[in-house]
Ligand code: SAM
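In structure tokens, the next block holds one chain alone, the form predicted on its own.
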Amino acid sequence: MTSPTRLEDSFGRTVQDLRISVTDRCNFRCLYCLPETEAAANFYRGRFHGTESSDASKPITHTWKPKSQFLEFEEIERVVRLAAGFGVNKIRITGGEPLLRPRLEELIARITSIPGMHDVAITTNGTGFLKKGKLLRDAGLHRVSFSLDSLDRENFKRVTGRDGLQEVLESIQWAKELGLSPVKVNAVIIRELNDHEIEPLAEFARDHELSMRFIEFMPLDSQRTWKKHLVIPGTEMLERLQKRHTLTPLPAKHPSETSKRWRFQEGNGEVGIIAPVTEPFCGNCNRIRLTADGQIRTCLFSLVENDLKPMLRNGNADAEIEDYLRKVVWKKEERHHIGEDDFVQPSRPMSSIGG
């Protein structure tokens, strides 16, 4: 079965990356995650007839988990410490919006103090980072990724349900001043919504020396509004960028890297494309996820969750939890099935799973 010193699945992949959600709450209502605004309804209205849907069932009944069900920082720290013993060395803190979790800097300090934690990052929508950024950096945070789906104020509001563009832009600049590097910016691209901003977003990255990531639209929203025809394939994004810029391919830093990257010849920024729908990278996946309420997910699109919380709260020994983690990872799915006839959308949206 698995090596006693590694978390290995039945397909020979070794887990080294743990994504940890610290809350399911979010102060945005993005069209690709929690499309619960009038603007979201208006966008999707009329785009259903005669098109493919990710799932024919009803929208997910979305409710926030009671905070009492969230793992405590001590419990998260214990999971990370045990995972580190298996060689996990990359941690990304997610949500919901992780900066809504009080005293998050305390968790960062706990995690970065664990030997072997070489890469501790956070993904945020940027709200609250102006206040929290220095505390997080001083606690040992290595990197930060911001969500930025539009550079136009009105379209930003349409996508996110919040008038927060200026705060996000200021947060990106603040992260650079704090020395967090590289500063990454993520944009989920949806046809007829923000695909006209691919080029401006790339130029924003070039001009500000950022790492821009364009992400294909995935079926992880609470209202099950995903349509395949709204996905802009990664190849289409690249073709458009290459018409305007000379891009030099960059080598992958690791076989499990999710993005294909290019450097601007005329600047210091870079662009990357993450194409899980049209160019799946499941074969090299080395990630598992821990939800805010203590579920281990072996794939972003898993239909099965593995409840770790009882073991953390019922006095189980470290060895028992380690054995449980080995068994869970061994059953990691070979791949997701997006776009296939047997695909079923997970019962929880991205906000509840953690990116």
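It should be emphasised that the depicted structure is a prediction, and the values quoted were computed from it without experimental measurement. Start at 1 with the first residue shown and count on from there.
This next part talks about the form predicted in complex with S-adenosylmethionine, which is not shown.
Between the options 211, 150, 259, 147, the residue in contact with S-adenosylmethionine in the predicted bound form by a heavy atom within 4.5 angstroms is 147. This chain lacks the partner; the member of 40, 33, 288, 328 within 4.5 angstroms of S-adenosylmethionine in the predicted bound form by a non-hydrogen atom is 33. A residue is said to contact a partner when one of its heavy atoms sits within 4.5 Å of a partner heavy atom; residue 194 fails this definition for S-adenosylmethionine in the predicted bound form, lying far away. With a 4.5 Å cutoff on heavy atoms, residue 270 does not count as touching S-adenosylmethionine in the predicted bound form; it lies far away. The shortest heavy atom separation between residue 217 and S-adenosylmethionine in the predicted bound form is within 4.5 Å. Though the partner is left out of this view, residue 171 does not reach within 4.5 Å of S-adenosylmethionine in the predicted bound form, counting heavy atoms only. Heavy atoms within 4.5 Å of S-adenosylmethionine in the predicted bound form belong, among the stretches 163-171, 69-77, 228-236, 180-188, to residues of 180-188. Along 116-132, these residues reach a heavy atom to within 4.5 Å of S-adenosylmethionine in the predicted bound form: 123, 124, 125.
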